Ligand SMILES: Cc1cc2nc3c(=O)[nH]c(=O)nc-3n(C[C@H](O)[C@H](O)[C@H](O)COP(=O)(O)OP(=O)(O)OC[C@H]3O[C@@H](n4cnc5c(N)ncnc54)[C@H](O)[C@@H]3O)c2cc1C
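Shown next as structure tokens: one chain only, the form predicted on its own.
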């Protein structure tokens, strides 16, 4: 049996970052990955000269100083990355308007403009509430943007993404990700008609070559990584964690799907087993994507709230880096659908989308979007506390059931190590 002080399960960005940090601290660790290569949700492939982000279009940007310093210690910003301006739009009734929508209301029909500004004026006069005082995501959106804008854009677009009733989505889970309206800025943006530059991704960094797979591959260089190993059995025995009866460790760091633990963890106490079973009903869904050829456009993202297509966005990855496109021919983009959407349905959807999209390749990822409902966060926190007492730690989007982007996944590992993980 192979023993190490730390055993990490899962070589997505969370697991890779944790392993890299331990590697740099000269700790005894081992990283296990079920697939044949690292990357998780950020995996990319080159198909017919087009770079295919299999799940979304991952870029790097952060406002977390520690993450920024750590990340750029591993990459050459000037030589290996491009800094790109975000150019986003919203497709509504065969017309593309600016993003975020509240700053481009002047592009809507007059009747809608009057209705929306009337509601925003009333909301402004009533004063802002604490964002966390709303009962759920729907109440927050209605309470900050009004019913008209909610029904026109926020409800149909978010329902497409999350595939669930917005009134069931817990608000604390979205803290830091919520669109916060500034009514004065909304008025000025619509009068002066200036581009929005204050969003977190108004500018972002992107690898010159191989997309987010380049980031995963760099973080994996030199690590003690074994691929092709899925954790099917986990047992705590004689103060050690045993995985698949082949690997043991003093400390286990799990970045996989939290819901699997009730089945793969053996010989748990009654209370722990009850906690594990209590998180099996956590809600998630997957992502279906089409890699497409596209006409040239300056856009980086195009959001699709309209009900006439099941797609919810187009990511023009060919604009992120010239290397994402074949030397000759059209540019690349990824069309994204929530859930398991058939290739036939996706191909049919292309007929109603702009830019003469042509299908090159496709992918389905069963789990990409995690959703927290009321009570979920408390159950997960209690489970994390119980496991930590036995030196078993949950890190990352699926293990913590948090909608972590790349930088938050890195920060999660930093926080765990900073808290003094020990065996």
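Just so you know, these numbers come straight off a predicted model, no measurement behind them. Residue numbers count along the first chain shown, from 1.
Separately, the form predicted together with this ligand exists; it is not shown, and the next lines address it.
> Just to confirm, with a 4.5 Å cut-off on non-hydrogen atoms, which of 68, 377, 34, 384 contacts this ligand in the predicted bound form?
Flagged contact: 34.
> Which is the contacting stretch out of 44-52, 391-399, 22-30, 354-362, given heavy atoms within 4.5 Å of this ligand in the predicted bound form?
Flagged stretch: 391-399.
> At the 4.5 Å heavy atom threshold, is residue 229 in contact with this ligand in the predicted bound form?
It does: once this ligand is placed as it appears in the predicted bound form, residue 229 has a heavy atom within 4.5 Å of it.
> Is there a heavy atom of residue 336 lying 4.5 Å or less from a heavy atom of this ligand in the predicted bound form?
Yes, residue 336 lies within 4.5 Å of this ligand in the predicted bound form.
> Closest heavy atom of residue 146 to this ligand in the predicted bound form, within 4.5 Å or not?
Output for residue 146 is no: heavy atoms all beyond 4.5 Å of this ligand.
> Taking this ligand as it sits in the predicted bound form, is residue 368 in contact with it (heavy atom to heavy atom, 4.5 Å or less)?
Although this ligand is absent here, residue 368 would touch it in the predicted bound form, with heavy atoms inside 4.5 Å.
> Taking only heavy atoms into account, state which residues of 343-365 are within 4.5 Å of this ligand in the predicted bound form, ordered by sequence.
Not one residue comes within 4.5 Å of the partner.
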